[in-house]
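In structure tokens, the next block holds one chain alone, the form predicted alone.
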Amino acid sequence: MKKTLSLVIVITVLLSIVLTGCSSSTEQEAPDAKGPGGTSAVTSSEETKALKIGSMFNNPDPANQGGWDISQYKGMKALEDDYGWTVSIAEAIAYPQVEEMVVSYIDKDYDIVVFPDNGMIETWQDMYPKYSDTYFIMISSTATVPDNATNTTVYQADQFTYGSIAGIVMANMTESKKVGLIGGSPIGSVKYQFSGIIEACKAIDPEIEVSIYFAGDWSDTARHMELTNIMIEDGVDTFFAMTGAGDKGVYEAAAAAGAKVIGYATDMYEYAPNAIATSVLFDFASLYAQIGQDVMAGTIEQKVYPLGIDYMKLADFRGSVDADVEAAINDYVEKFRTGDFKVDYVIHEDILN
């Protein structure tokens, strides 16, 4: 399917499985907590001295796979050292099993449950009204908090702005004027992020082609490699992957072809030094530090906290591009940050079709 939007956009959707089958998984129960922990929602600093925090990831190894997961995992685990809380993180939890995992935490009197994945929104929406004695935190790009909610907070990542920064980098790096995007599955946050990339590329060079593929799976390395090679054969030389463990397939294929990848959310260089040119970072370390401070002070609010451009920056290029290209990228990003470079806010609804 080809569409023309002042630049050539090629969107090819290859779904091998539906969203609910994004990852293989094993049933898990909440690990036994080491500390005392309360049983009510977070309301004051006196009730938050020894909290139990539970979370779960779709990836089987969130500490080392998928930039979004790596960054959040580190932020959550830092709460153990900073506050002495118990932080339990379940792995390889497919979306249909999230509810079961959360109930397991609730049954063991966990105080806070963190939903770190946009694909968990429906479960979060269903559960927080049912369990008023547990506090629920949603890290998302599309979730909202009803006025009558008393036990939930949303931290809403501005994925369009994030995508715009990634698009600025890709538009300046590509020599073939062809860039490629790979998603695990077409969840809502992808639409905003990839739309930002498309519009940033268009603002810099309307002739750039943007190809989009979905693997239908977050961890199938071979499938991600296959899709990357398809785009390489078509001349794509710069990639961005919003996916989980499957991103290793993107890195391997890109490295073998001499193409470059923009890392997602955390600095991915150590995971693929021959492929990663830079990464667009989400500062989840600061976010979770702020969550800890707010919980301890009893000032966490039942609202949507925006995570905008102040939480985003570029990792070191480490000589991956020429000095003039790096300078141009940094100049564009700074002008975008100050509003002197504009990216039209256009959401491409057909990305998920």
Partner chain sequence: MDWIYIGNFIQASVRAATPLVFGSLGVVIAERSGTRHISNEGTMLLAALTGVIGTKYFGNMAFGVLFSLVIGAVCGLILAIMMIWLPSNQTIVGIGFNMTMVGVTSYILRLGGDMLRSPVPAPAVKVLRFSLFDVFAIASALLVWFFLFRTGPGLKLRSVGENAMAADAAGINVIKTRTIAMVIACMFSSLGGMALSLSWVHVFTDNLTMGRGFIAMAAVYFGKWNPLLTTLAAFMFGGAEALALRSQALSATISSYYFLMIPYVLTLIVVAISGRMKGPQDTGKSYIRQ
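Positions refer to the first chain, counted from 1. The model shown is predicted, which means the values in this text are computed figures rather than measured ones.
We do not show the form predicted together with its partner chain, though everything after this point is about it.
Chemist: Indicate whether the candidate residues 61, 213 and 221 are all in contact with its partner chain in the predicted complex, with contact defined as any heavy atom within 4.5 Å.
Modeler: Answer is yes for this spot.
Chemist: Counting any non-hydrogen atom inside 4.5 Å, which residue from 252, 158, 237, 209 sits next to its partner chain in the predicted complex?
Modeler: Here the answer is residue option 252.
Chemist: Sort through 147, 175, 81, 233 and report the residue having a heavy atom within 4.5 Å of its partner chain in the predicted complex.
Modeler: Looking at the other structure, the residue within range turns out to be 233.
Chemist: Can you tell me which of 224 to 232, 259 to 267, 163 to 171, 196 to 204 lies within 4.5 Å of its partner chain in the predicted complex, counting heavy atoms only?
Modeler: Going by heavy atoms within 4.5 Å, the stretch is 224 to 232.
Chemist: Under a 4.5 Å heavy atom criterion, is residue 320 part of the interface with its partner chain in the predicted complex?
Modeler: No - in the predicted complex, heavy atoms of residue 320 and its partner chain never come within 4.5 Å of each other.
Chemist: Though only this chain appears here, would residue 65 touch its partner chain in the predicted complex if you measure heavy atom gaps against 4.5 Å?
Modeler: Yes, contact at 4.5 Å.
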